[in-house]
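Quick heads-up: it's one chain on its own, the form predicted on its own, in structure tokens.
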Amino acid sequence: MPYKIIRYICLKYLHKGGYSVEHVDQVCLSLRKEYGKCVKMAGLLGRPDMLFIFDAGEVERVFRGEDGAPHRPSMPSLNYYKHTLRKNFFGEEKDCAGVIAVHGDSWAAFRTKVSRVALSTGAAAQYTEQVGDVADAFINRVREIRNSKSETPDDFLNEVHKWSLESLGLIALDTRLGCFESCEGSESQRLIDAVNTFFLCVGELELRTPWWRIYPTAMFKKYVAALDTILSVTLSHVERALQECKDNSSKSLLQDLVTAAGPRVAAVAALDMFLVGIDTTSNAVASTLYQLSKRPEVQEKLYKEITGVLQGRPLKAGDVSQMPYLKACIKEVLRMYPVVIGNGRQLTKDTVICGYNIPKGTQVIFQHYVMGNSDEYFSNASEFRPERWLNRSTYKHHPFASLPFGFGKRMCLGRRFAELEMHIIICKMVNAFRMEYHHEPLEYHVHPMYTPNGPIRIKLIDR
């Protein structure tokens, strides 16, 4: 069936339906209901036409039919930063521009260099105790900042961002950044401010009309300055790691990357981890804590699992593998409330999707938020049931309907580290507190991650 006869809509749909960019989730639900499983969205100012796919079987077919270098639509602003503004740095060494906003042979070559280290057996597990120390520091921090009602403050999400940055700094840069104690003007505070600025700007630059392509807007200038700061701080830590490689025999992830692929690869890999690994992980954790605080029965079942494994001793490597319900709880949150509501590809060859001939170069969006909340793919999809991930023979489940880390060759390179961080912080929070929520339910919105809209005020009762 020819591509041109696919039903399509334009940006006006957002306004006619009373939606804003922050409510793309509701737009996608409406698209699926009104137009079916394959919808072309056209007329997006400054953006290419997009094909939205709401069929998990078609998603599986596209993923399994990919070639060796899948093309994922990337942030145009970051692409411009890497390949135009700072091309002297990212292009100075062959195949050294990273994995984000990079495609083809250059992407494949860089990923191969990094994956040998990042995806090796035990790469993440070796950080269990250190990441646990960061989680302990976070718990001490939230104990101090609870209000008179023992509730987390209105800016709790910002505190979770600090935890995520501290954890990732430990993994990517092999250092404690001191995010919970940072003072004005310190290097760690500069990095915190830069990362915050990056995430505040990227949503506006990517989801709204891209005026920055015509002239450097004030927000785009702030965005570039933030990226420059992140890059410069990252480079300083890579240089230190390079020196320490010569001085001692102990090895960290960063040192292994420097040794295996060189300082430039290590620096760019660390930069990419900062750009995609902080906001995603922190929002997933905040969302999980919020959902658990509303479900005391789930929380207590999880607490029993955790205490049964730990038996009063500190967490050590291998413990999380004995906590299947912990993993299931996080999977269930990410099914219902995925921090990235859709995954994408730019087709590298002509492809038949839902019976239509879709030409090479088309940008397709796999809408996992809609599929993950559909009874077609999950039994009682609107109900929060972590058990569905433990007993898949009882619960209907399509493996390609919910893919929080993507799939295939472009699956998240830092998945093991992100999961380690999330498992440990949720484990420690549940072990330390009984969490309750006594306010109006929070709606979710895209900002730019899919996250609860409003202050997450959780009552923390010491166990």
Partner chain sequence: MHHSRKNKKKRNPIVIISILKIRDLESFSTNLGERFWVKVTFHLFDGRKLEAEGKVGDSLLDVVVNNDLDIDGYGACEGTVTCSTCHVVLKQKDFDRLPEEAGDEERDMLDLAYGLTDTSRLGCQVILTKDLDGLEVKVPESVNDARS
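None of these values were measured; they are calculated from a predicted model. Positions refer to the first chain, counted from 1.
Beyond the structure shown, there is the form predicted in complex with the partner chain, which is absent from this document and is the topic of what follows.
Peer 1: Should the three residues 119, 352 and 407 be counted as contacting the partner chain in the predicted complex, with contact defined as a heavy atom within 4.5 Å for each?
Peer 2: Per the other structure, all of 119, 352 and 407 touch the partner chain.
Peer 1: Using heavy atoms and a 4.5 Å limit, would one call residue 416 a contact residue for the partner chain in the predicted complex?
Peer 2: Yes.
Peer 1: Given that the partner chain is not shown alongside this chain, does residue 392 nevertheless sit within 4.5 Å of it in the predicted complex, heavy atom to heavy atom?
Peer 2: The answer is yes: residue 392 has a heavy atom within 4.5 Å of the partner chain.
Peer 1: Give a yes/no on whether residue 50 approaches the partner chain to within 4.5 Å in the predicted complex, heavy atoms considered.
Peer 2: Judged by the heavy-atom cut-off of 4.5 Å, residue 50 is well away from the partner chain in the predicted complex.
Peer 1: Report yes if any heavy atom of residue 437 sits within 4.5 Å of a heavy atom of the partner chain in the predicted complex; otherwise report no.
Peer 2: Although the partner chain is absent here, residue 437 would stay clear of it in the predicted complex, with no heavy atoms inside 4.5 Å.
Peer 1: So which stretch, 326 to 334, 273 to 281, 92 to 100, 233 to 241, is the one near the partner chain in the predicted complex (non-hydrogen atoms, 4.5 Å)?
Peer 2: Only one stretch qualifies here: 326 to 334.
Peer 1: Just give me the single entry in 385, 111, 71, 161 that has a non-hydrogen atom within 4.5 angstroms of the partner chain in the predicted complex.
Peer 2: After the contact test, the surviving option is 111.
Peer 1: Taking the partner chain in the predicted complex as the reference, which of 379, 88, 321, 140 has a non-hydrogen atom within 4.5 Å?
Peer 2: In short, 321.
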